[in-house]
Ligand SMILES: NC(=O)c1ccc[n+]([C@@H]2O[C@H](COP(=O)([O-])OP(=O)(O)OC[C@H]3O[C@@H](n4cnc5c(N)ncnc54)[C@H](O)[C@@H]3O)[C@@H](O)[C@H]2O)c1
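Encoded as structure tokens, the following chain is the form predicted on its own, with no partner shown.
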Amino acid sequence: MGRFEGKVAVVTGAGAGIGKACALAIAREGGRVVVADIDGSAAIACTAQIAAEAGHALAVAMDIADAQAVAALFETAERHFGGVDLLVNNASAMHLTPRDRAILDLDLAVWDQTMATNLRGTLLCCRQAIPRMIARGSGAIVNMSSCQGLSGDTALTSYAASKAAMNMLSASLATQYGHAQIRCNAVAPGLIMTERLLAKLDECMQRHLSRHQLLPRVGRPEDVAALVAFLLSDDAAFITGQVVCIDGGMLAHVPTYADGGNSRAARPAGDTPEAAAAPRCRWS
């Protein structure tokens, strides 16, 4: 018996990357998964992979910034699978472009779009899930935050602000509905090399970010999915209201580590003294 036998999960942004890895992890442990994504073909491909592994899944194409679409998503989950026990709010907007820059250069349209998807969309999904979880006696929610929401940066102002707000939304939800046996935690990934991120980051930025990690490799979607599965499961029955980093140690050290203070033996392979002295990259 898997940890999610008899459970129904909704995973947003599940067509690719971390969301897809989460959907697969839940299905592999017996959960029935509603795979939601703005890219309908990607959602269908994910459900096909789950079905090929003898799992149960349903694809729904939708935009979490649309309140009516979110309501329809959860109505579909209830109609097909009988309710909702688990929710992974993974769908998000991230603009690695000059449009999401420092405050004075920030495109306000990007701010509004980012908040509508990352924050309002997460809230909408939680508002639909909570009554259904109460009806089933319990539930667990994981909101996909980011290390960007825990530290300042020279860019990605909108994205970082939305993720910081998501952390507090998670704590508020845990506080308000813990008495109803509903747990809520946030996960804050660091450098997780998804296909989408790989396409957006040039080699210079990848090298720069990797130098800030304590472990000698970048993160994989499966790493995050394993943490999410744990937090959703009864193994984490007494964990709620937390923000859990999964960043390879990116936020654990003082600046001298990445500025060359770390020893040669501790440096990731290929990180030479010359690379340590190279100029810093920028997001755009």
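What you see is a predicted model, and the numbers here were worked out from it, not measured in a lab. A residue's number is simply how far along the shown sequence it sits, counting from 1.
We do not show the form predicted in complex with this ligand, though everything after this point is about it.
K.L.:
Look up in the model of the complex whether Leu197 has a non-hydrogen atom within 4.5 angstroms of this ligand, and give yes or no.
P.N.:
Flag for Leu197 set to yes.
K.L.:
Should Tyr159 be counted as a contact of this ligand in the model of the complex, where contact means heavy atoms within 4.5 Å?
P.N.:
Yes - in the model of the complex, heavy atoms of Tyr159 and this ligand come within 4.5 Å of each other.
K.L.:
Even though this ligand is not shown here, does Ile192 get within 4.5 Å of it in the model of the complex, heavy atoms only?
P.N.:
Although this ligand is absent here, Ile192 would touch it in the model of the complex, with heavy atoms inside 4.5 Å.
K.L.:
Any of the heavy atoms of Ile64 lying within 4.5 Å of this ligand in the model of the complex?
P.N.:
Flag for Ile64 set to yes.
K.L.:
Note which of Met94, Ala174, Ile130, Leu124 lies within 4.5 Å of this ligand in the model of the complex, where distance is taken over heavy atoms; exactly one does.
P.N.:
Only one listed residue qualifies here, and that residue is Met94.
K.L.:
Decide yes or no: are Ile18, Asp39 and Asn90 jointly within 4.5 Å of this ligand in the model of the complex, with each residue judged by its heavy atoms?
P.N.:
Result yes, every residue of the spot touches this ligand.
K.L.:
If contact means a heavy atom within 4.5 Å, which one of 77 to 85, 141 to 149, 175 to 183, 210 to 218 is the stretch that engages this ligand in the model of the complex?
P.N.:
Answer to the contact question: 141 to 149.
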